[in-house]
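Next up: just one chain, as structure tokens, the form predicted alone.
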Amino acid sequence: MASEIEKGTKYIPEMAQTEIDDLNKSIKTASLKVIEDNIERMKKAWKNRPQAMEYFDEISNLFGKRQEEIKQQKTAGKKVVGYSCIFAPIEMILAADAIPVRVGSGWYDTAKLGDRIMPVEICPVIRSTVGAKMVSLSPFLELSDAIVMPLTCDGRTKLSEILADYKPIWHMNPPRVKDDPHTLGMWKQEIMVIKEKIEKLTGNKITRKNLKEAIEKMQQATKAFRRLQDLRKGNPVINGRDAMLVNQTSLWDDVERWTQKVNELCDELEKRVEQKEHSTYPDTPRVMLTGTPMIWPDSWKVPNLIEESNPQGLVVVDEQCSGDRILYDPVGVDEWTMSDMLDAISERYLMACTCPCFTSEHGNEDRINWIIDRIKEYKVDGVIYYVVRGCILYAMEYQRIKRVLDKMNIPVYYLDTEYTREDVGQMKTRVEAFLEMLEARMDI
């Protein structure tokens, strides 16, 4: 709550309800159009798109089926736990029979609203999330009973203050140096605090049995995710932005159903491998994306540009917390005791993470190694390093990543942008020039 001399919220100015309703309606209408347009572009680019993709098209509507399901489950008594990034222990939320949903905003229009109270130098993902709250746009943010907010950067720290006027905020403090002997113990304490808060909110005790079931459920999701990723390592049987959509829907979908649908998609794709039925030409330049998270739907402008460019590129892998990093690492349990499971969760959410918020004696070398390994596994021809202006941590790590990639003879392009559709033409020129260079290298 605000201090004694403050009235109302701490940051967000009072707005007339009519203005909120009008903005909500207009931005929602624009967003639905962007979603529809993105889906149509993906269908147009891939004429024989697998039937199994229809499910993910449907669940990608942020204002559609999944929103209604969660509303009904809340009415039946379930709690919804929102989270702002992948440090939040999903297994804990599932073990307490609550619904996990990620609440970071991918709407460009709401970033402009956030500009009313935040400097434009602040990361637009943060400004957009604030703007979404100002007009109650985000279904998952609105439905959340509490929000897990790992403080990975200054923007998220202040975002937590702003959202605290509306929702209970559960802070988490990831250590910035994760390989010091004492840091894993500190992080486990953070996990234990969240466990207690989840239990108190839901009224459900996290027991050995239900935690084991939740871990196994997420392990199955990881298994399905990796099955899909393996299919992206060879000749293309799925376009990159389609795979990105599949992976990103895991952030708000029912995890068991998502796992089943991914396996159905993989069944279809594996037949196409046998039949050598490709989604695009096998000699298409293979691109890795890394950097700032690309959040559905507006941030699809970059994968759209890459895969509709002339020459065309193919996104085969990414190193983003909105993409391939979501499910890459399972919680590895040696013995199914409560203590061992909690240790395994703590380790998975800290040690496996390659977020640029980390440093060490050797810098954020885990991220470097992750990128190097994926470049080799997916036979990457070039890397697009995507940064939205204001995303300082990713911007600062660029030069080190570039030096490593230069030594590997892997071209990298720094693609900086804003949360806007207005620079698409300029970005198209830049992306095409990069892909032309990749294509020329392949010809040689």
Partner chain sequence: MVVSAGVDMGTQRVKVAIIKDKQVVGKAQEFVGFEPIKAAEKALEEALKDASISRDEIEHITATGAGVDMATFADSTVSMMGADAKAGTYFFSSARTVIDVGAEDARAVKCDEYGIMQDFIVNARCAAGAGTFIEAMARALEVELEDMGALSLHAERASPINASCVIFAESDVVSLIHREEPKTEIARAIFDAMAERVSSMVKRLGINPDVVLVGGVAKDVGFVTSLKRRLGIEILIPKEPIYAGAIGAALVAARKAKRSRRQ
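Remember, it's a predicted structure, so these values are computed and weren't measured experimentally. Numbering follows the first chain given and starts at 1.
Omitted from view is the form predicted together with its partner chain, to which the following refers.
Not displayed here, its partner chain is kept clear of Phe63 by more than 4.5 Å at the level of heavy atoms in the predicted complex. Its partner chain in the predicted complex comes within 4.5 Å of a heavy atom belonging to Tyr413. Taking the partner from the other structure, its partner chain in the predicted complex has no heavy atom within 4.5 Å of any heavy atom of Ala16.
Proximity of Asn310 to its partner chain in the predicted complex: non-hydrogen atoms within 4.5 Å are present. Considering its partner chain in the predicted complex, the lone stretch of 373 to 381, 413 to 421, 42 to 50, 65 to 73 in range is 413 to 421 [heavy atom distance within 4.5 Å].
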